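Only one chain is included here, represented as structure tokens and corresponding to the form predicted alone.
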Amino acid sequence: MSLFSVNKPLEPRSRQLVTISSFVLPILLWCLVSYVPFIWHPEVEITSPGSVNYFREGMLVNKTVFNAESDKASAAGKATPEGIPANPIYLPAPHEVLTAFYTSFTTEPKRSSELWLHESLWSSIQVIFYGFLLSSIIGIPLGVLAGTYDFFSRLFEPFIEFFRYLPAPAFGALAVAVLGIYQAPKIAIIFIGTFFQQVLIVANTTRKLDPALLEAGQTLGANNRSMLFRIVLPGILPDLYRDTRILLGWAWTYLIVAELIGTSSGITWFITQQARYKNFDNVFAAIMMIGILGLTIDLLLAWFGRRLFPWQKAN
């Protein structure tokens, strides 16, 4: 079967290969930029400073500066500096990031008041969990009501449509003033960032329920309560579960902004501290940890979804 057949699923083997390529290709590009000297490498790592006073072994300098200083030293008959092509400090090589994955969990914080990386990660997970949980507890019922009854749709959706365009970080100062400087305002930003979108998405999903099911219920004499709890909710549950998975990923995108509000904490604190010390291998490792953690949670939820709703097509 062609890999580019319109609206036709790939064969299992081809699907696996393409999925693996989704990760392999960016990593391969990263390796090429990091390890092949003639690809990019705009700087030079000094291996021997020669006669240039301010050069130090291991120092990174721009190629233009290095060449100018080398020409000056050569013209003056002095020792010329030596170096190897290098990338900027903000682009560590893959092996440096892999090393940072290990050392970040095993290296004790420099100050007793600082948290270990796993403690920072746990703090971030709690912020996401409570923010998204509160959003779902309120947003899902409102979305179902708005999607089922025109009265609630007219009552809720106009204001929510307006409010969803307001950026969640804009409420940071207000959240700190009302809720303090610790975890509460961070949870509030996650809530604001997901709640209004969640209501609208759930309402739209509810409206997509097969009208034949509603007509059958009405024909059999079901009242409003029975229609809602025995037809609407069971009918939308698989799609509602899928929407929740997608919206959870949305909540993760607000994490960094949320944790900058009030006292800096969680994985955001770790990233900003490491960037301050120019440990960009640790910065890359922490960012990738967020992605790995989010993807792992999503895959677990997808796995549970296939078992809860085996009649649904795989997503």
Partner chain sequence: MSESTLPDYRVQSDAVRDRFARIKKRPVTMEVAGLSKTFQSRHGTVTALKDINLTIHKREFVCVIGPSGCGKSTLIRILAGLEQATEGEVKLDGKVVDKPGPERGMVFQGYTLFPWLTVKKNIMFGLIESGYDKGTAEAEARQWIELIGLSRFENSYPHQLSGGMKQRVAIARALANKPKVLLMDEPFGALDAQTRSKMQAYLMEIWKNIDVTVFFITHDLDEAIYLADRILVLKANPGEVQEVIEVAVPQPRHPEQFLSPEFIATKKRLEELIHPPKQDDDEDHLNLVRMVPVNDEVGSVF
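Since the structure is predicted, the reported quantities are computational estimates derived from the model, not experimental observations. Numbering follows the first chain given and starts at 1.
Below, we turn to the form predicted in complex with its partner chain, even though it does not appear here.
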**Study point:** Joint contact, 213, 223 and 226 to its partner chain in the model of the complex, by non-hydrogen atom at 4.5 Å
**Key:** yes
Check your understanding: Which pick from 169, 94, 85, 217 sits with a heavy atom within 4.5 Å of its partner chain in the model of the complex?
Key -> 217
**Study point:** 234, 141, 180, 158 - the one with a heavy atom within 4.5 Å of its partner chain in the model of the complex
**Key:** 234
Study note, to complete from the structure: Only one of 101-109, 133-141, 67-75, 205-213 sits within 4.5 Å of its partner chain in the model of the complex by heavy atom distance, namely 205-213
Review point. Does residue 118 reach its partner chain in the model of the complex, with heavy atoms at most 4.5 Å apart?
Key: no
Practice item. Report yes if any heavy atom of residue 230 sits within 4.5 Å of a heavy atom of its partner chain in the model of the complex; otherwise report no. Key: yes
